[in-house]
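Have a look below at one chain only, the form predicted alone, in structure tokens format.
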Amino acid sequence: MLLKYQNEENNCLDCHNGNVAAKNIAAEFNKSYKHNIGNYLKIHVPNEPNQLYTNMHVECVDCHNPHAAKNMEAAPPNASGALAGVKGITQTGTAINPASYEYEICYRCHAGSSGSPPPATPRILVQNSALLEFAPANPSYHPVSAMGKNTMVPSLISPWTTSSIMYCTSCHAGDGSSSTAGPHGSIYPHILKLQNLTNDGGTTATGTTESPSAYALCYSCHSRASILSDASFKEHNKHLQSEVRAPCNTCHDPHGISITQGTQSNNTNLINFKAGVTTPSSSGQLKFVDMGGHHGQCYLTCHGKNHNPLSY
């Protein structure tokens, strides 16, 4: 391809190392969690089929088209100029070239590609396709491809409203003010721009100390004061801070719950319990029942307590 360097990324990092371009992208790829472009060589080719990847890899040109990229801002879900001219997969699973929306570029790898790693958090309902997790027909999802369904979210911090749409990169991006807006690399797991403790390696739901920094990612959109005052769920404070000390991640599946697995009564409010630390109740049930108006019932055994059910 008449490239200056055999290692594809080096052709980009000649400039994007802080010496020419404003941001030092090279430094991002030295962080603990990253899209590991250095792991692949001669896998990405110009005539690559425009479809869901079957050979998992990532190179700079999987997200950026150096001949089409431009300085153009955009509002969610539209792709910015930095992502112009890149292939993608639509919310309906159709290949598109070029992608119109940022999430379509992410879906090319993160819509259930063979070889993709399993979810980091084991769930009662297991899903490994972001396309299915963000589908507008779902019982609940973060509003990436469409506006959210919940019209009562008192914790939202301005300018976020229940009509807002967000980017994948609203959560997955470089950490720190000097980092990049895209998901190149981060010091936090899953290439998150802020910390979100999950205790994924733990065998119990308890023992995580709540603080502004512990769940900084969640608190960047959801008011900590509102959450801990129990404005939307009267047991938030008990479960997060005062007694149980469980991470948000124990109950909430942050992408969403696919309608192919979940229901409108059991999986609203991003409820998809973490497997292993939550087990069935004494009646053999493991579910959340939405009663409407910030009321519901939980059937499970967790933090040493039988919920069969416990109502709020």
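Note that the structure is a prediction, hence the values are computed from the model and not measured. A residue's number is simply how far along the shown sequence it sits, counting from 1.
There is also a form predicted in complex with a small molecule; it is not shown, and the following applies to it.
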{"item": "The small molecule in the predicted bound form: contacted by all of Ser164, Ser170 and Thr180, heavy atom 4.5 Å", "value": "yes"}
{"item": "Contact assignment for the small molecule in the predicted bound form, among Ile259, Leu52, Ala275, Leu41, heavy atom within 4.5 Å", "value": "Leu52"}
{"item": "Residue (of Gly176, Pro118, Gly207, Pro212) lying close to the small molecule in the predicted bound form, criterion heavy atoms within 4.5 Å", "value": "Pro118"}
{"item": "Residue contact check: Leu286 to the small molecule in the predicted bound form, 4.5 Å heavy atom", "value": "no"}
{"item": "The small molecule contact at Ser281 in the predicted bound form, heavy atom, 4.5 Å", "value": "no"}
{"item": "Interface membership of Asn71, the small molecule in the predicted bound form, 4.5 Å heavy atom rule", "value": "yes"}
{"item": "Heavy atom of Val153 within 4.5 Å of the small molecule in the predicted bound form", "value": "yes"}
